[in-house]
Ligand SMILES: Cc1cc2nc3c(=O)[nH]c(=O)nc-3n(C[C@H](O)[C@H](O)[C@H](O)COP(=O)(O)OP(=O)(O)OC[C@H]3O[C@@H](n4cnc5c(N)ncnc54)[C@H](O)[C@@H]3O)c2cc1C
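The chain below stands alone, shown as structure tokens; this is the form predicted on its own.
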């Protein structure tokens, strides 16, 4: 029987990977177990064209893949993503209250890959063979020259559950946070629309969590939904911070003037215990009863980062990527040409869509410079965030900023913040309108061909 070139490639990759696969890929406890690692069904890697593999099809991963192809058209770029379609977390709060349809959030990975000349490969990443430069996935091993990891976030329930996996499983399934798009959002929407009255708990986690203003925006929109539909209920917002983390004036005035009877805001509410049978949340100082809830715990990087040995505890959160904060390359000689970007990184940038989009582009330029034998100077991500504080009528507030490194504190800080927290009158109405232009610009930037610039929501406002 003759062997095809593909059969030979599969056999050689399997032989190279066996014995050097990390522990995450080899979970059997049988001492003589044999683990077969086959090549992914992809064209053979060319010697003349660098292969760049990016894991994660969120805002950072999509932006990276497109930008890398713009800067290095000859590169073979492969986007590895376990989902079959993209669903946006930004704009999803409006979907929860029926202001946008689901198809406004859902987009096509195949379109993005087709129009931007890279490959979408549906699979889950499971490990790395660093010696042979192989990414191990559920659908086979992929050779790479450069590897970029953008797995986003996972929830860190341990600070609440203290290792009680039964409680964690119930929180994940019965009271999901809905800050990872998909089924969690569908569950939360049903909760909101089926709510008959009483107390609906939302939480704001400690640390640097995904989308700083989103829990406050969500509280406003759910309160407006109760108000509009005559539901005798209130939103109890338990914030583990000392106060509102961003756009304080806009949200505070909305809480007081629009939702005095519908939002109860409790800062400094460090959660110590959640009793799901009695429906009681215990904080450092109080007990709160609830009728339904969506519990948003502290976050960490996607668990793939820890499984690959690339995680560390950070100033803001546990288990985020251990990388050079200016180049995004993983630390350690053995991790050369492995990068991490998006919400898995440790820097204090906002973990939001626009930030991840610009950050993915910046990392792509760093990788492109290395491919082309050039130098790339660090570029700041850009945070543009527009939050609705009501949907009937629709009114909004926004912030736009870049970042600078403070050598005294050894941290990144907002460098050019421009905010508009006025939600009253025409200004608030216009702010809300601009969120759609921003979203459509971002979707076009990630999924359509060609190069488009990030949307700037206010006329005359320019990047610094």
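Quick caveat, the model's predicted, so the values are computed rather than measured. Residue numbers count along the first chain shown, from 1.
Beyond what is shown, the protein has a form predicted in complex with the ligand; the following relates to that form.
Partner-proximal stretch of 280-288, 112-120, 172-180, 324-332 relative to the ligand in the predicted bound form, 4.5 angstroms, heavy atom: Only one stretch passes the 4.5 Å heavy-atom test: 172-180.
Contact flag, residue 210 vs the ligand in the predicted bound form, heavy atom cut 4.5 Å: Answer yes; at least one heavy atom of residue 210 falls within 4.5 Å of the ligand in the predicted bound form.
Exercise: residue 423 in contact with the ligand in the predicted bound form, heavy atom 4.5 Å: Heavy-atom contact with the ligand at 4.5 Å: absent for residue 423.
Residue 396 within 4.5 Å of the ligand in the predicted bound form, heavy atoms: Residue 396: no, not in contact with the ligand in the predicted bound form.
Partner proximity in the predicted bound form: residue 340 to the ligand, non-hydrogen atom cutoff 4.5 Å: No, residue 340 stays farther than 4.5 Å from the ligand in the predicted bound form.
Joint contact, 61, 83 and 151 to the ligand in the predicted bound form, by non-hydrogen atom at 4.5 Å: Every residue of the spot touches the ligand in the predicted bound form.
Sole residue of 214, 105, 246, 235 within 4.5 Å of the ligand in the predicted bound form, by heavy atom: Contact with the ligand in the predicted bound form is made by 214 alone.
Residue (of 356, 389, 223, 364) lying close to the ligand in the predicted bound form, criterion heavy atoms within 4.5 Å: Contact residue from the list: 356.
Those residues of 382-413 which, in the predicted bound form, come within 4.5 Å of the ligand by heavy atom: Contacting residues: 384, 385, 386.
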